[in-house]
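Form predicted on its own, single chain, as structure tokens, below.
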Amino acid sequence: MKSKVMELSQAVGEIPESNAHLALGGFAIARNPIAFVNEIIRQGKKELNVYQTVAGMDTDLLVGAGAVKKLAYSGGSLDRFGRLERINEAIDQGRLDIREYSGLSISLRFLAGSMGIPFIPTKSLLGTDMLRDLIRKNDDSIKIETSPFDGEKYVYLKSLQPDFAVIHAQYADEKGNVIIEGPLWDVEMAKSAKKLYVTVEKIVSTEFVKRNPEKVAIPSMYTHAVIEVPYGAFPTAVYKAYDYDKDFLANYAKTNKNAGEYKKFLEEYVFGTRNHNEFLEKAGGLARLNGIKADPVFGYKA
């Protein structure tokens, strides 16, 4: 099997200039694919259709940069640091086509996509405002049907198989076998995509993978490309690698409340840097990164 290793700019360059359907991994302030998202913004991708279970800084950046036209998710936040104000403002101003699900229901859509089945039944949305809003918007992802087996009503959720998915993980080999330490919340999403891009802290040898097959969360058959990007999720956390940067996130949470201040942030940290290495240098460089290294026992900063 040939190597699936790519450079970040090359990988992002494969995404169409507009109207791509893109799923993002991460969870609030953990394992956000920040490096990939910043490169999407630099390359000027527009009118993205984004799917995500729990949004974080990554999606807020994309929406704030005007790159997203439709967002399907179950909500999200910057955790204790604040709200996703760029997303909230875009919703309030009618600039974003928003489709809200429960965490379970959108996860089930990804699960169905990963299994290659057209739909999956659930009762989790019945009686909710979320379901009523999706019906009002004529969303084609849901149907309410009576089961032929027990005669009860179910919500049939259309499977999600986005054109592209991006996750950040700790390790992968050059063949695309992905090792994720800690929670595996985005595995079904990753497997549902037609093309999966994985940014990793480090590319390891295939020999290491062969000696530790139980560590592989996503086999190579699902992976389109592997991109080595150390600190690729900064300032969000990567279990056993580094913790979140509380000062950077607190500053972002303050900045994203105001469109003008957010634009300055974007100009300085994204458009003002040529790549992720320059982004890290702008954020404080090695001294800052050393300050958030994870404790090898606890998995987070001590």
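Numbers follow the displayed sequence, beginning with 1. All values derive from a computational prediction rather than experimental measurement.
Below: the form predicted together with a further copy of the same chain, not depicted.
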>> Test of understanding: in the predicted complex, would A72 fall inside 4.5 Å of a further copy of the same chain by heavy atoms?
In response: no
> Does any heavy atom of E181 come within 4.5 Å of a heavy atom of a further copy of the same chain in the predicted complex?
Replying inline: yes
> Does I120 make contact with a further copy of the same chain in the predicted complex, using a 4.5 Å heavy atom cut-off?
Replying inline: yes
>> My question is simply whether Y231 lines the interface with a further copy of the same chain in the predicted complex - judged by any non-hydrogen atom within 4.5 Å.
In response: no
> Going by a further copy of the same chain in the predicted complex, which residues of 1 to 40 come within 4.5 Å of it through any heavy atom?
Replying inline: none
